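Below, in structure tokens: the form predicted alone, a single chain.
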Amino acid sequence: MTPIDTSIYAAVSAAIRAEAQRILTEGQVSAVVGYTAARRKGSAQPVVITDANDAARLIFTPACVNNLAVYLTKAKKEIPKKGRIGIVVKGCDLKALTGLMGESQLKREDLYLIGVPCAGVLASTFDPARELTADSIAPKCSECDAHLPQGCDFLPPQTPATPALDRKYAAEIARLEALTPQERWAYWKEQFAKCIKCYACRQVCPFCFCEQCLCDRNKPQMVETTPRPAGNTAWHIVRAMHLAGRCAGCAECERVCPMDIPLNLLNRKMAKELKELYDYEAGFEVNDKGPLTSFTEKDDQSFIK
């Protein structure tokens, strides 16, 4: 398979390091959230640096798969105390931050956004030394419309080469839509039956920022917590509805799922429905209300019987 051109990533890494060193030295930010090399050759991991001298550790490669927005939601209460935070963002990461701003979880003035031109990242980090190709690229990247994140405080001048790729989620959604309702139900029952209720999907999602999840409560119990078919189905349907109109498409939930449940496929289907019904999709514009959290008299009410 012909490799995808990632030659700009070295220059992007250098630009990120220089900018991080500058804003830390000048005191514009108190910390920068980015990526650094991990222990396994060719792999990467998130890092938070507070010293300008540590900016040399920052990188951007196809192994930089994590959505770093989640680190701001977990620490959101501390951001005003610590000062402005710098964060390295891919396009899908920026969509998550934009959504969080719209939900009043973050303030734009508290952030310094370092955008990265991104041609794609690897689907799996277990073999990060391999080249980025149409076979190894993350499926989410095949449908990405945000290779250049917009509205950042800093964006390296490089432009990523974005080859035409098969829209993997769109093709699978079309296949499922062609099935009968009974066949679709059987498909999702099989997928949800694999769930072990590890909640990795929840932990990695930037939009799961509640201090106590409704699904953890037992008085009353909203969703069964043991990994059984009824509770599993309820959990994933509730979560998909909860993310409708909010999901940034980063696919972190699907990446970390140890049972390989196609969670982002479900999220993309919800996104498709909202686009068709309300002409709404997650993007770079801060909206304080989405289509499922607002009402106007012009809304279609034909579903009410």
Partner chain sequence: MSRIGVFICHCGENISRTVDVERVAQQVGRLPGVAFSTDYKYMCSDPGQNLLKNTIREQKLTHVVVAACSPRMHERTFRKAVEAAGLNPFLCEMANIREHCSWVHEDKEEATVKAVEIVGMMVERVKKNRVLPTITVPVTKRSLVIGGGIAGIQAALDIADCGHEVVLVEREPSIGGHMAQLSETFPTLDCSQCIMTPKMVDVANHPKIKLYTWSEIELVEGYIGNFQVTIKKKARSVDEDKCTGCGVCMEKCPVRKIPNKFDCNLGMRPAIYVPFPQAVPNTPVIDRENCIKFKTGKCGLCQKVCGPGAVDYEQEDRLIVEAVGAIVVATGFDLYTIDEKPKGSMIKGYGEFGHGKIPDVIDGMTFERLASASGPTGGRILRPSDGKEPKQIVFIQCIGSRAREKGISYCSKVCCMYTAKHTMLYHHKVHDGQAYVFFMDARTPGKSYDEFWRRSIEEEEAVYIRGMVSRLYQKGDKIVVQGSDIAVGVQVEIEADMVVLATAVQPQKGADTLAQKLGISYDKYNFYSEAHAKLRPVECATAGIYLAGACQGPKDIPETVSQASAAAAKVMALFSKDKLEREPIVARVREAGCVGCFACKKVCAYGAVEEKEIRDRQGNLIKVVAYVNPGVCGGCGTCQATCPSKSVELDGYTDEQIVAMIEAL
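Only a predicted model underlies this, so the values are computations on that prediction, with no experimental measurement involved. Basically, rigid core = biggest C-alpha set you can superpose within 1.5 Å across the two forms. Residue numbers count along the first chain shown, from 1.
Missing here is the form predicted together with its partner chain; even so, the following discussion is about that form.
Peer 1: Within 4.5 Å of its partner chain in the model of the complex, heavy atoms considered, which of Cys210, Ala171, Leu165, Ala161?
Peer 2: If I apply the 4.5 Å criterion carefully, the residue I get is Cys210.
Peer 1: Only one of Lys82, Lys74, Arg130, Arg108 has a non-hydrogen atom within 4.5 angstroms of its partner chain in the model of the complex; which is it?
Peer 2: Of the candidates Lys82, Lys74, Arg130, Arg108, Lys74 is the one lying within 4.5 Å of its partner chain in the model of the complex.
Peer 1: With the partner removed from view, which of 152-160, 133-141, 111-119, 211-219 is the stretch that lies within 4.5 Å of its partner chain in the model of the complex, judged by heavy atom distances?
Peer 2: Checking each option against the 4.5 Å cut-off leaves 211-219.
Peer 1: Are Asp93, His147 and Glu285 jointly within 4.5 Å of its partner chain in the model of the complex, each by at least one heavy atom?
Peer 2: Looking in the model of the complex, the three residues Asp93, His147 and Glu285 all stay beyond 4.5 Å of its partner chain (heavy atoms).
Peer 1: Thr25 versus its partner chain, in the model of the complex: is there a non-hydrogen atom within 4.5 Å?
Peer 2: Although its partner chain is absent here, Thr25 would stay clear of it in the model of the complex, with no heavy atoms inside 4.5 Å.
Peer 1: Could you pull out the residues of 96-122 that have any heavy atom within 4.5 Å of its partner chain in the model of the complex?
Peer 2: Result: Gly102, Glu103, Ser104, Gln105.
Peer 1: Core aligned, does the CA of Phe284 move at least 2 Å between this form and the one not shown?
Peer 2: Phe284: C-alpha displaced by less than 2 Å between this form and the one not shown.
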